[in-house]
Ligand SMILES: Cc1cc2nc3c(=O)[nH]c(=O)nc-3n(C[C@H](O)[C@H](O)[C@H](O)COP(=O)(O)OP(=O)(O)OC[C@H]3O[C@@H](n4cnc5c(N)ncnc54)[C@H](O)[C@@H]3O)c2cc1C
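Read the single chain below, which is given as structure tokens and is the form predicted on its own.
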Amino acid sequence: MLLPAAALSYCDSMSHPSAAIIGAGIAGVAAARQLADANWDVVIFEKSRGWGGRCATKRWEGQTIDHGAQFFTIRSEGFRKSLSSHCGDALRTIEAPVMTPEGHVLAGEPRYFHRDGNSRIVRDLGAGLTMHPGTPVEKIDNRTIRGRSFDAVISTAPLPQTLALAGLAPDASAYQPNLTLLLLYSSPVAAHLRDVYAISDPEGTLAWSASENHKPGRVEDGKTALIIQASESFSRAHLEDDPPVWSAALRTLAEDRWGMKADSILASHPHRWRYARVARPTPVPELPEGWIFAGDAAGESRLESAWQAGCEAARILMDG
């Protein structure tokens, strides 16, 4: 259930405990789903226009592009059952390999994606929940948000933002930023790379580059969409630069790596992820009474880990 910010209204319930969830990413939706199924009165507040958080999908130039989480793995039975229940047959696996710049195939677990865009995973899991998009929460006093008091607050915003909401000093050192670039071409990649999904080069400036064409139905015939994610060092060095500065550098490197013709470029789109992934696990400081942090600061930056963090936060509240 999506409610615009201008239409916020509440009916406090005396019979059910209430919880405010900050963030409509997968951790927030996992927590909200667990609590709602246990008859909690749950409201999700999301500053962006829709579901997903860092599990982000962009409808861009007629294409459907995952510019956040590129794919995800499924390791636990609980996560598998939840996805099966809510996403049905929309889950797919990427069949083409991930390779090193030297041409070696990187072995790994099955790489899953949602047929309609990875943000739809979160939207599917959140079906029926009350979520207010376009509703930034800048500060929370005594668990009161927009005039309503809640019994509990679960914040899934990155830890620096969560601490700021709680009136504590933020610390961004636990997170790596990431500069991401979307590129669309009217020509195919070089013949020897057409069967490659992605090239992983953690030590290079192009830490990750992938062809969204390997997700059927995402890219129009005759076009190629590349997703470029820069290294941590490059991203930190250029985080505050104007996007044209770093976009041009990344585009040149990507065209060289994938054998793209520069004159076939149709469009490019830069995106800055300030809190892309955890650089090092960080203990969560003591939060105000009734608050719980559910995020990746203390663990891994994986989709499934975020889901598990949301579920665990909900269990803590329910066990009271």
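All residue numbers refer to positions in the sequence shown, first residue = 1. Everything numeric here is computed off the predicted structure, so don't read it as measured data.
Heads up, the form predicted together with this ligand isn't pictured, but that's what we're talking about next.
Residues of just one listed stretch (282-290, 255-263, 32-40, 269-277) have heavy atoms within 4.5 Å of this ligand in the model of the complex: 269-277.
Checked against this ligand in the model of the complex, the residues Ser247, Ser82, Asn178, Ser211 give one hit for a heavy atom within 4.5 Å, which is Asn178. This ligand is not shown here, but in the model of the complex it comes within 4.5 Å of a heavy atom of Pro136. Among residues of the shown chain, Gln229 is one whose heavy atoms approach this ligand to within 4.5 Å in the model of the complex. In the model of the complex, this ligand lies farther than 4.5 Å from every heavy atom of Ser119. For Phe150, no non-hydrogen atom is located within 4.5 Å of this ligand in the model of the complex, even though that partner is not displayed.
Heavy atoms closer than or equal to 4.5 Å to this ligand in the model of the complex belong, across 27-53, to the residues Ala27, Gly28, Phe45, Glu46, Lys47, Ser48, Gly52, Gly53, ordered by sequence position.
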